[in-house]
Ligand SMILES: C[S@@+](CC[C@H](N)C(=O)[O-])C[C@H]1O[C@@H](n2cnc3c(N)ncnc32)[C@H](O)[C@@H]1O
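A single chain comes next, written as structure tokens; it is the form predicted on its own.
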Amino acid sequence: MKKKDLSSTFQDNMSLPIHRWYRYTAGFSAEWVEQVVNEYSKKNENKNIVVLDPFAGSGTTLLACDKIGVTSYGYESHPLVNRIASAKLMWDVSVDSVSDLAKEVIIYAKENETTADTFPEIVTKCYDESNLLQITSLKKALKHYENNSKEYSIVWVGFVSMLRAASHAGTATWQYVLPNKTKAKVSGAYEAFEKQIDIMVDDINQFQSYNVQKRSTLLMQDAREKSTLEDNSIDLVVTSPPYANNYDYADATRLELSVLGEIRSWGDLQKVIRPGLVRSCSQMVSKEKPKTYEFLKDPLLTPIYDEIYEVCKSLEAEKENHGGKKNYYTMIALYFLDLAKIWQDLRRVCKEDSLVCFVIGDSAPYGVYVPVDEWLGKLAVNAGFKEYWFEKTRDRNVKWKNRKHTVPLKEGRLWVRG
């Protein structure tokens, strides 16, 4: 039997050092990235290539490049995810310093317990009183020791990464918190924190055993905006943009953001997190709805205008047949406008003989098919790239019991030649 291709999922990374510190809501295989980068270097007889991931997420591409000694850059505009990824890339830290700081944090937390903070409702639904007190104490301890050191950044990630283990709430497949679904076994926050630090220390030791130097740089950068990277500086792009399937990447981190005090309500996500994200869910586009068809007239969408116009019209009509009446037509318009802008700056930074790989999946909101691979390819060519082709890796959503439509969907790699 042919082995199932999981290269376009994060699943395999959960057994890899450092990658497993924080399970991101989306991603792809780090080992697959290593293979792509090594094959590109070999074919081009160039060991000094520069790799870019404009949707760096929790750092998969950058960590993979560090492991094999390749220079890489990444953009990530989600503040929490950027901070987590930045800490993961600090694997060249002193392991003893990490262990010592973590011990000091836990001792301080236990010796200075008072009362639990007042948290937003989602937090109080996810922890019992004991863990709320322990989480409060750990937060205060981290605040006490806060500085700009690498070891502090890593210990901070240890706290963030253990929050799910210390919660009795269940978690959906893509990391949404389900307060009404409980787990049978829950760790105390102190215990979960200490276990997480132990894992991280072991992982750092293992990664340092590869005997390579850190060559990655992560930028706080919206991929839709012009970056600080120089023109014609990138050889290879390996990335996975948000899918146009109404997944809310901001809401997926609401528990962590609420514990940290970065937000107080679901509505705060709109102000704090969503402005820097590609508009891939209907929650992000309600205010733009009246201008949907004006957006489609943007010159960047010219090569797909007739097709996307018809799809948006179908989605606008179809929404009246559904209770939620979601603005998928506006979402699709803005999603592809956002990606068109990204292709423009990728063309600027990529060399003439560069290669780009987007791990993508197509979409069918309300059962209206959106040919994502074809449209993104056309937008890439419009931006100045030479050609594109699609490599299917697997079928998507075929086992979902609550699937609302029968439109076949796929996932795979969009390859674009510079």
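All values derive from a computational prediction rather than experimental measurement. Start at 1 and count along the sequence shown; that's the residue number.
Unshown form predicted together with the ligand; subsequent notes refer to it.
Student: Okay, which stretch from 295-303, 221-229, 92-100, 159-167 lines the ligand in the model of the complex, with non-hydrogen atoms inside 4.5 Å?
Tutor: Only one stretch qualifies here: 221-229.
Student: For the spot marked by G59, E76 and L277, is every residue within 4.5 Å of the ligand in the model of the complex through some heavy atom?
Tutor: Result yes, every residue of the spot touches the ligand.
Student: Report yes if any heavy atom of G27 sits within 4.5 Å of a heavy atom of the ligand in the model of the complex; otherwise report no.
Tutor: Within the cut-off, so yes.
Student: Mark L255 yes when one of its heavy atoms lies within 4.5 Å of a heavy atom of the ligand in the model of the complex, and no otherwise.
Tutor: Output for L255 is no: heavy atoms all beyond 4.5 Å of the ligand.
Student: Given that the partner is absent here, does Q196 sit within 4.5 Å of the ligand in the model of the complex, heavy atoms only?
Tutor: Flag for Q196 set to no.
Student: Verify the contact flag for V81: yes if a non-hydrogen atom of it lies within 4.5 Å of a non-hydrogen atom of the ligand in the model of the complex, no if not.
Tutor: V81 belongs to the contact set for the ligand.
Student: Can you pick the one in T330, S86, Q134, S240 that has a heavy atom within 4.5 Å of the ligand in the model of the complex?
Tutor: Contact residue from the list: S240.
Student: Just give me the single entry in Y127, Y249, Y335, W343 that has a non-hydrogen atom within 4.5 angstroms of the ligand in the model of the complex.
Tutor: When the ligand is considered in the model of the complex, the option within 4.5 Å is Y249.
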